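The chain below stands alone and is given as structure tokens, in the form predicted alone.
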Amino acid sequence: MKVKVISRSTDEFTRERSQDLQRVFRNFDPTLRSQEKAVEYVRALNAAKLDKIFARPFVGAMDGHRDSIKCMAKNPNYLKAIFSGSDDGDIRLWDMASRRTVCQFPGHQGAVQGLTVSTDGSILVSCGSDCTVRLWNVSDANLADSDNLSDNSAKPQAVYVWKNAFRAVDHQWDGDLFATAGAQVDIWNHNRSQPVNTFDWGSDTTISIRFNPGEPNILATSANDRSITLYDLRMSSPARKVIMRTKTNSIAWNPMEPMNFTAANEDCNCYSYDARKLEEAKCVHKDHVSAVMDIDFSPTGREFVTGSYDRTVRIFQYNGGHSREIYHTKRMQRVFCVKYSCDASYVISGSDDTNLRLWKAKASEQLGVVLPRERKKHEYLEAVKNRYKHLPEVKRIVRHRHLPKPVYKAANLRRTMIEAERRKEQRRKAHSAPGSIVTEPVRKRRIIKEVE
């Protein structure tokens, strides 16, 4: 005869201390929980609503510049430091934690067009419309001592004067070289007052430049002639070039997939390319209603942030056609530069109204110390939301954003125009001989040709 006995150890349900939580045991057998999916759906719905309630993305503004902010740079060795340069020649180092100026770098006589920091974080390189490149020593004392803020000004370590005004600068991710963009692309060494190499392809001004994070000798540039060009420092001439229908204002390489880059274009869209196959874009990212001025990838490589002339900041998935987040304030004017923080938690934007603004990368994220139980709860709700994201009610709540009236109206007008163009093309095709009109895919439509 078999006798079934319920037995349990007192250790399994007894608290060790009076402050401990009561231990609760659950049986996860699906036959006992017939309403599990319905309960999870309600939890997903409530999580989506709570995200909207707690969405407070704006952290604060950093005020101090007297002219519009044109460029920014991160220090790879110091998490809370950000450099900014403005149209009046003022360069500042900010402490993002206290949102105050730590140090100023006076010297430029015209607008500061580009900033970049060396690999080891010790040298800041700036260039401007006054035809000079300046190297500044960024000492640890400047970075660490954010309390001593009285007239803390630095002197340039070196000043290189050149023939033409500069539009952008970028430093190798691993190496001693940095590149400037202007009438041509110049490659400089820290210890040389003349460029060590010069590239030129066409006569138009180069407006942005970015080194590849994986291969230090490869860089991409965009120019006023609507071209995106790839250069290899080991070769004597430029490698490849693609010409688009509209100008590209900025370029950002994906740090986790260094063969891919995304271009911020004048036609309100961003285009992701594979550097090995430039005849077609990998993805077209739409949503802005005016020219996209700047772009920066998250260190994780899964998202990028864009700043636009339409006075908004948007965050996109690296493979998503539409933005997952839009940030705007009443006072923020045209956004000229954006950066992701080195820990991917914050986004910094610099705009025409002389302010730097600090935003959370996830609008409803809880700041400060999160307890382990809280973190588990957040992760669970995120997973549940992800499981039911395709259902209409959850999808509607997650996607909904309040837009400023000018942006909302412009987006509606833009949608109407695109729809009208599509209908016109369909009718033209329907009334033409079969095969005489070929519809070009969106990924190829904005590309004129590729040159090698």
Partner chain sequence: MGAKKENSDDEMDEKVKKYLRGEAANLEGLKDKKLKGQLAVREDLYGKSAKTAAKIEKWLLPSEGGYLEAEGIEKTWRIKQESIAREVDILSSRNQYDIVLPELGPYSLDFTSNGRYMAAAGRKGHLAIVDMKTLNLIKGIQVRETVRDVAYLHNELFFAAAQKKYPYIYNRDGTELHCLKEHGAVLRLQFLKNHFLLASINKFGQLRYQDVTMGEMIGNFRTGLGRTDVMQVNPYNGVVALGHSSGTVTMWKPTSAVPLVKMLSHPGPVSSLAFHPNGHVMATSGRENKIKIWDLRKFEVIQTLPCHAKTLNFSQKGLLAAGTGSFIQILADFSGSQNYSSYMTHSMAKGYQVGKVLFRPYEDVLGIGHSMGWSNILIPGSGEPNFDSWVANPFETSKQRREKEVHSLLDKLPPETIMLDPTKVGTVRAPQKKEKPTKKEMEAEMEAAIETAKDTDFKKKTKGRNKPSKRATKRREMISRAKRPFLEQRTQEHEMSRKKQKTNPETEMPKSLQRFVRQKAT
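Residue numbers count along the first chain shown, from 1. As the structure is a computational prediction, the values presented were derived from the model and not from experiment. C-alpha atoms forming the largest set that superposes within 1.5 Å between two forms make up the rigid core.
Quick note: we don't show the form predicted together with the partner chain, though the next part is all about it.
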The one residue among L403, I418, A55, L391 placing a heavy atom within 4.5 Å of the partner chain in the predicted bound form is L391
The listed residue (R422, R66, K49, R33) that reaches within 4.5 Å of the partner chain in the predicted bound form by any heavy atom is R33
Are any of the heavy atoms in K37 no more than 4.5 Å from a heavy atom of the partner chain in the predicted bound form? yes
request  = Report whether the minimum heavy atom distance between V42 and the partner chain in the predicted bound form is within 4.5 Å.
outcome  = yes
### Task
Report whether the minimum heavy atom distance between R428 and the partner chain in the predicted bound form is within 4.5 Å.
no
Report whether the minimum heavy atom distance between R23 and the partner chain in the predicted bound form is within 4.5 Å.
yes
Which of 58-66, 395-403, 408-416, 382-390 lies within 4.5 Å of the partner chain in the predicted bound form, heavy atoms considered? The stretch 382-390
Of the residues spanning 1-15, the ones with some heavy atom within 4.5 Å of the partner chain in the predicted bound form are M1, K2, V3, K4, V5, I6, S7, R8, T10, F13, T14
**Report entry** R26: Cα shift of 2 Å or greater between this form and the one not shown (core-aligned)
**Finding:** yes
Worksheet item: Taking the rigid core as reference, does K444 move its C-alpha 2 Å or further between this form and the one not shown?
Response: no
